[in-house]
Ligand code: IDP
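To begin, one chain is listed below as structure tokens, in the form predicted on its own.
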Amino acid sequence: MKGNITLTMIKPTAMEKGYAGKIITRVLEAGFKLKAMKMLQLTKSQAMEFYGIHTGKPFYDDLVKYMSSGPIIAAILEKENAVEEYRKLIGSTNPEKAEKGTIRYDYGTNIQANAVHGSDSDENAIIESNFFFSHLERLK
């Protein structure tokens, strides 16, 4: 059975360019419900922990530096088959290869500054949601 939550982050460049409201509107119009949301700036150590699965990969240091470079919005989204549905909405990791009309096509700058993060599995959606939100911070 597919899960019903996913985690997203609106990344620093999208925040800086003022796209957060437009992105959130698109997410809600696609039928997702916000179950938790907060704005924060990750420290370097928090970004290292969140992206720990990528430690040692060539892009890891740049990713950590980028994701701790400015404010983000983290949110838990709910919808049936949330991970798959959200990944369709956001498009390919590389905005240049993303389908027209997807969030990354419309608001992404490059493969790193691709506007939003989206969980890649039901298991990671739970892990990532728990990283950012306590049970008290979530709507039932």
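Don't overthink the numbering: it's just position in the shown sequence, from 1. No experiment lies behind these values; they were computed from the predicted model shown.
This next part talks about the form predicted in complex with the ligand, which is not shown.
Three-residue candidate spot 19, 105 and 109; no residue lies within 4.5 angstroms of the ligand in the model of the complex by any non-hydrogen atom. Residue 93 is the only one of 41, 93, 46, 81 with a heavy atom lying within 4.5 Å of the ligand in the model of the complex.
When contacts are judged by a 4.5 Å heavy atom cut-off, residue 30 does not count as touching the ligand in the model of the complex. Contact annotation for residue 87: at least one heavy atom lies within 4.5 Å of the ligand in the model of the complex. For the chain shown alone, residue 37 is not a contact residue for the ligand in the model of the complex, no non-hydrogen atom being within 4.5 angstroms. Among residues of the shown chain, residue 54 is one whose heavy atoms approach the ligand to within 4.5 Å in the model of the complex.
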